[in-house]
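What follows is one chain in structure tokens, specifically the form predicted alone.
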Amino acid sequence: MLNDFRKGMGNVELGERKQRILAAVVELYIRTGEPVGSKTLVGVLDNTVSSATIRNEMAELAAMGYLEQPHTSAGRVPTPMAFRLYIDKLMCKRSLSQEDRDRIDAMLMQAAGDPERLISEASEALAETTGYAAVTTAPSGRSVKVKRIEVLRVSPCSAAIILMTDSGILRSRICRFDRDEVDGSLLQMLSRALNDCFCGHALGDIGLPQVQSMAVSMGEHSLLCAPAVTAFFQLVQDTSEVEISLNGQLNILRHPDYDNIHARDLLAFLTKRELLTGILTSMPTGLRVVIGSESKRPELDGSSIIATHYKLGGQPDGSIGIIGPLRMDYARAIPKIEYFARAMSKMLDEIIGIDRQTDNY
């Protein structure tokens, strides 16, 4: 029954009765995947509207572009425009049970203490709990600030450059010096110079001119330190790139909404992670649902993306979301995504907070 329909949230185009009928069609289609007929809606609407009236209203909704008739049957299915109105105005989100919350918390706790693993685990757990493909992005690299830089010897003639950020990201790169052995005092000097110049700076503000200027400040040691300085610059560039974690792609094949061609095209698109990253990073803050052609990607016609941002220090940062057929159970999926984002935000703040309190570097 459509007991949880919200009155008074209508669109100016549609009266309350049309809204009730359209919401009922969308919810029945999500549940069954079958065209919805007027006789079925009579019972769903508690016999408050006659079958003839429903038929007339459905015909008008079809003329307005909200419903379409896929074949000669009397049933109708919602169009992308109907899904948009349903999500924006007519849908009531389902409450997430305490059991679901506890299960999500337990999944994420497996990665407690490791920000990068947390982001990956969240993607995997979201795919498992929703049955769709799930995606997360790491904290946006260019705005992340350098927390600490270490230069550690790994052999007589090589060292590891270790970059730590205030978002908990840890990256390293090995460099080899142009001599048989490098004095430890030189590595310490280089480490101090890097920290003095770049600690507290956003990665996006560290360009080649800034790195070259730092190298010049090393004076007579600048040539010897050139391999390490080059490695540091490459490390900054790598860390600035937004990393994406994708899981549950094969869930796509379990949904009958996709025929072989659509499934193949969507799976091929998901391998192009830079395109998917571009869509996610360009989305406004807050929860967003991108339906079909709204993405401007033909591979996503017939699919939806539901995504939101998790926060770091109270500010929106990386993204988490799902990709699946247009006929998704939005009312159930959206609360899960929102809870994942809140749980990740809390855990990341705890990780970074603990890191600040116990920083021994």
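Whichever C-alpha set is largest while still superposing within 1.5 Å between the two forms counts as the rigid core. Keep in mind that this is a model prediction, so the values were computed, not measured. When you see a residue number, it is the position in the sequence shown, counting from 1.
Keep in mind that the form predicted in complex with a further copy of the same chain is not shown, yet the notes after this line are about it.
How about Leu267 - does it come within 4.5 Å of a further copy of the same chain in the predicted complex, if we only consider non-hydrogen atoms? So Leu267 counts as contacting a further copy of the same chain.
Mark Glu16 yes when one of its heavy atoms lies within 4.5 Å of a heavy atom of a further copy of the same chain in the predicted complex, and no otherwise. Judged by the heavy-atom cut-off of 4.5 Å, Glu16 is well away from a further copy of the same chain in the predicted complex.
According to a 4.5 angstroms non-hydrogen atom cut-off, is Val229 in contact with a further copy of the same chain in the predicted complex? No, Val229 stays farther than 4.5 Å from a further copy of the same chain in the predicted complex.
So in the predicted complex, is a further copy of the same chain close enough to Glu150 to count as touching (4.5 Å, heavy atoms)? Heavy-atom contact with a further copy of the same chain at 4.5 Å: present for Glu150.
Can you say which of 194-202, 220-228, 161-169, 94-102 gets within 4.5 Å of a further copy of the same chain in the predicted complex, counting heavy atoms only? Looking at the other structure, the answer is 161-169.
Selected contact from Ser155, Thr281, Ser213, Gln188, since only one has a non-hydrogen atom within 4.5 angstroms of a further copy of the same chain in the predicted complex: For this set of options, the contacting one is Ser155.
Find the only residue in Glu274, Glu128, Asp183, Asp259 having a heavy atom within 4.5 Å of a further copy of the same chain in the predicted complex. Comparing distances to a further copy of the same chain in the predicted complex, the residue within 4.5 Å is Asp259.
If we check a further copy of the same chain in the predicted complex, which of the residues in 220-245 reach within 4.5 angstroms of it by a non-hydrogen atom? Stretch hits: a single one, Asp238.
Rigid core aligned, does the Cα position of Asp259 differ by 2 Å or more between this form and the one not shown? The answer is yes, as the C-alpha of Asp259 shifts between this form and the one not shown by 2 Å or more after core alignment.
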